[in-house]
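Below you will find one chain, with nothing else, as structure tokens; this is the form predicted alone, and questions on how it binds or moves follow later.
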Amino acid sequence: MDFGLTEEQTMIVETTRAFVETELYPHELAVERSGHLPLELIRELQQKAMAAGLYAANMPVEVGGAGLDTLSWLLYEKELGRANYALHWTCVARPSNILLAGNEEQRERYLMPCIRGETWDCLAMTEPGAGSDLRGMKASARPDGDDWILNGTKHFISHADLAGFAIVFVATGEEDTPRGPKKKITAFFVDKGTPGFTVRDGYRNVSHRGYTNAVLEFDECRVNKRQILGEVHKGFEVANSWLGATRLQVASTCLGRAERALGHALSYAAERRQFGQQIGKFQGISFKLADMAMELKAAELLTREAAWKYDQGTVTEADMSMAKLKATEVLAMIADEAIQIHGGMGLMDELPLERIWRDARVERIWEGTSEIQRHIISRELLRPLGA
């Protein structure tokens, strides 16, 4: 594994960071204070991102993306992660990789409009009674001739208000297993505006202001069999094949925010004077900075190794879980310590630290809680021993 960056990767980092600092940072405070990201601003920044070659950069070249390898993509995600989440996710959109699992007709209908910036996708898995336990979902679909009829509720569905369609995972059957009945899951494309499909406002969230969530309701919602993504009863297989790297994406955006918070802490420690000297010279501050830098490097190395292994075809579930777990917990620690170093000023919204601190909380919950990541890691450790 080469720890250095190629010339192309260095250019990706520099281009993305310049865009984030020039185009996204100036809008952060307004979005944070209002909790709203105006559509006209989205369109303006979207066009600038396209002109810079940053839009849909996670997609393969053959469909109009940048064709980045996994490590390059995560370096790009890290730089975007420095900014307010709503700004970088919505305005510099990266369509979900699961869209690549669609057939030719589905790619033309759903993937290509996302790459062209005409719409956004959203993924609908979580339910009020089924979070990490996806097999416990109650939303269902039943066949009716060439159609399927969906019923049920999904919640915490990110940016569903903007999305033109949802990729909805529902139960379509049941099978017996040694551990009891297990639901079979199928994924469907459901267009906004389909009768029986309602998008309702979600919850006010302490993290990622301006990045909305919604409640999706399906009441006898009829879709055609051509809208099945993958195969009937094979929704988990599709998700596992195409969504695994999202844990690495979360890890990378956390690294960007952690690095920004550490940068503010270092600058303040070097400039602020108390008792006749810079506060960074006091052991109470200097040791904090050392621990922050060490933990950040450890998280970054775990994430880069997992990215490298992903491209080699050798990555494991534990590799990705370790990266996600470490990066999210390191972000929380660094955000908290950066505020402590700044004292009272760290809690004021003139600085991005209180936002980074708030935003850090959700990262240990979505895309698999810290407890779920530890379960995955320990399961992989014990499995060879028959435990």
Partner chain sequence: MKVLVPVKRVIDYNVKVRVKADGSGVDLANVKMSMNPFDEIAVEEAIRLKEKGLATEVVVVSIGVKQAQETLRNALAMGADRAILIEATADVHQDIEPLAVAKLLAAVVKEEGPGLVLCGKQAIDNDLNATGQMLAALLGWAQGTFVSEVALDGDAAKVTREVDGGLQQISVKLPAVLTVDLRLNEPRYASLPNIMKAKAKPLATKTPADYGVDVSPRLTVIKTAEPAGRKAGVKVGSVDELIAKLKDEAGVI
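Residue numbers count along the first chain shown, from 1. All of these numbers come straight from a predicted model, not from anything done at the bench.
Heads up, the form predicted in complex with its partner chain isn't pictured, but that's what we're talking about next.
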Quiz prompt | Contact flag, A18 vs its partner chain in the predicted bound form, heavy atom cut 4.5 Å | solution = yes
Quiz item: Using 4.5 Å between non-hydrogen atoms, is A51 touching its partner chain in the predicted bound form?
Solution: yes
Quiz prompt | 4.5 Å heavy atom contact, Y76 to its partner chain in the predicted bound form | solution = yes
Quiz item: Taking heavy atoms and a 4.5 Å cut-off, does P60 contact its partner chain in the predicted bound form?
Solution: no
Quiz item: If you check A318, L45, L351, L68 against its partner chain in the predicted bound form, which one has a heavy atom within 4.5 Å?
Solution: L68
Quiz item: Tell me which of 334 to 342, 318 to 326, 32 to 40, 60 to 68 has residues with heavy atoms within 4.5 angstroms of its partner chain in the predicted bound form?
Solution: 60 to 68
Quiz item: Using a 4.5 Å cut-off on heavy atoms, which residues of 7 to 34 contact its partner chain in the predicted bound form?
Solution: E7, E8, M11, I12, E14, T15, T16, A18, F19, T22, E23
